[in-house]
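First, one chain by itself: the form predicted on its own, in structure tokens.
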């Protein structure tokens, strides 16, 4: 028999829909850029292979890349150095390493709901108790509800901005309130900032500002369109970095070597790449929201960041069943309950897709929904 640990993890509600899809289905469900990585990055990867950068590397990652990451993060906290940085084998692995390092049996971890699919299972796999907190109508954290959920066992507060699945970006007021809660109650903040480069309105506020009590997760997947390279990074206080590194060693030994050298060589290219793609995504964002709000019973808040829309709907059907109906008709999206019970009566759509696919996909969604 398998362990109770693995049995405690719920099957992915997103994966179920993808496995039902036909090869010609319009994919409005995948959180992956529909762009090739910059040519400079691809060439640098080939060069790293040709230079035999194929050996084990340092568990914390190579110093040149760590130093460049620190330089990027210093806009939030000038005293951050490479010693605060760990390169990870993806943001996913970095999240697991952080949870496994910080939490143990009986600890409670506050997680957003709806929220990204990793936070609950990573809590459970760390023997901690995930405690969901709600979001308001603008998908900002409900500060009073968070305070009500804090007990003597609360040890962590998970924050995600820009958000997957809602696309919401923390306001300055929400950011300050969360910082105050963490400081007043001596909590570790686990801040998922993977989409920090995708901001259309407002400003990104980073918990690197309070790095002495935060682990900030990030990734190159979105900023370079290299999801398959599996390279991320995190920042943490100096006295925690070695512990997370020790955990990372026992998870993956070290992050992949060739892409680290490639990214270090072309690190500055990501700024140019982001400047190119963000206006395209902004245009898609507006097309997606306009199209969703044109469907009877649907209401979609304009997302401020990332590349997801999270509309609510009034039809009397579960999000899982509605997503199944849509995929049977040729459109992939994610049921809201894949992101927690408070995601019911919502769907997640990704606009990391062409404007043509967005228009054609939403035409099918409209037809299916209006036939219910």
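Positions refer to the first chain, counted from 1. Just so you know, these numbers come straight off a predicted model, no measurement behind them.
What comes next is about the form predicted in complex with a small molecule, which is not displayed.
The chain is drawn here without the small molecule; in the predicted bound form, the stretch among 100-108, 265-273, 242-250, 222-230 whose residues come within 4.5 Å of it by any heavy atom is 222-230. Between the small molecule and the residues 234, 194, 214, 178, the one pair within 4.5 Å by heavy atoms in the predicted bound form involves 194. Think of it this way: in the predicted bound form, the small molecule has a heavy atom of just one of 167, 141, 91, 259 within 4.5 Å, and the residue is 91. Although the partner is absent here, residue 116 lies within 4.5 Å of the small molecule in the predicted bound form, judged by heavy atoms. By the criterion of a heavy atom within 4.5 Å, residue 340 is excluded from the residues contacting the small molecule in the predicted bound form. Interface membership of residue 38, defined by any non-hydrogen atom within 4.5 Å of the small molecule in the predicted bound form, is ruled out.
Using a 4.5 Å cutoff between non-hydrogen atoms, residue 31 counts as a contact of the small molecule in the predicted bound form.
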